[in-house]
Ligand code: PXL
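Okay, so here's just one chain, in structure tokens, the form predicted on its own.
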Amino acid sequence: MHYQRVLTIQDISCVGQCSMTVALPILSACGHETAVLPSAILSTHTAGFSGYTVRDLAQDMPAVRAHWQKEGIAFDAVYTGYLGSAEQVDFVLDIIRDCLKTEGLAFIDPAMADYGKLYPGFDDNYVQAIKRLCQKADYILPNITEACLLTGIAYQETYDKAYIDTLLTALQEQVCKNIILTGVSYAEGKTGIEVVENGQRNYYEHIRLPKSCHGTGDIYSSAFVGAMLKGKSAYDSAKIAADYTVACMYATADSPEHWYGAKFEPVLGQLIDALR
């Protein structure tokens, strides 16, 4: 495919290897021009750190959009991660409407919940705002908790394929036709991704490491978007992103002092090789 310009909209956690500090280098390594719109600036991410600083940048978004329109700037893709408020979601919808090319793609990671619970500070109003955003997406990348919130289906910690079938059907009917459902485990020691694209469903299974890392969802979504914009299918992109994320976790496993994120940088070469 031709050289792509992708806009990613999410927060900058200055220390912590997540959100924008993951998305920008990964998308760039995939060979794409990467533009950024920070939704907020934090001194660190919020998992495990205390006393962090936060500056919300929502009020800057309309002026940024207006300037891009004045300059005739448009994007081949828009990829959103953690936003932070319903107000920001509305601004992002305006940007997708006004600055995404007609044939461009919108990728939405509805980063708002995990393990059956919303992230701190979010409520049902935010869930409904994210649902509106996901309904404008070409591809969504929820985990199971987020999928449940988007569809109103009760979250279950243990589940079978029938439950996932119901969840995927509801997502297709209510939210978006193309779904990358992450963290789907049907066997002990394994996890994977359910991929629904153009009515076709496929599952990719990989090893489940005993210890999780902060920011791996951002790593996964960024690698997925980067692969798709290189012309890979949704399933191949899901596989490439999963294998890369696992490699990042392995690279971090022997470093207990590196508790705040995953070492994605030393294995970027593996991602680049997978895209060749």
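In case it trips you up, residue 1 is the first one in the sequence shown, and so on. Because the structure is predicted, anything quoted here is derived from the model rather than measured.
Same protein, other form: the form predicted together with the named molecule, not shown, and the subject of what follows.
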In this chain shown alone, the residue from 64, 209, 47, 36 with a heavy atom within 4.5 Å of the named molecule in the predicted complex is 47
Name the single residue among 42, 242, 234, 229 that comes within 4.5 Å of the named molecule in the predicted complex, judging by heavy atoms.
42
Just to confirm, residue 82 within 4.5 Å of the named molecule in the predicted complex by heavy atoms?
yes
I'd like to know if residue 262 sits close to the named molecule in the predicted complex, meaning any non-hydrogen atom pair within 4.5 angstroms.
no
Any of the heavy atoms of residue 23 lying within 4.5 Å of the named molecule in the predicted complex?
no
Would residue 252 sit within 4.5 Å of the named molecule in the predicted complex, counting heavy atoms only?
no
Even though the chain is shown alone, can you say which residues of 258-276 have a heavy atom within 4.5 Å of the named molecule in the predicted complex?
none
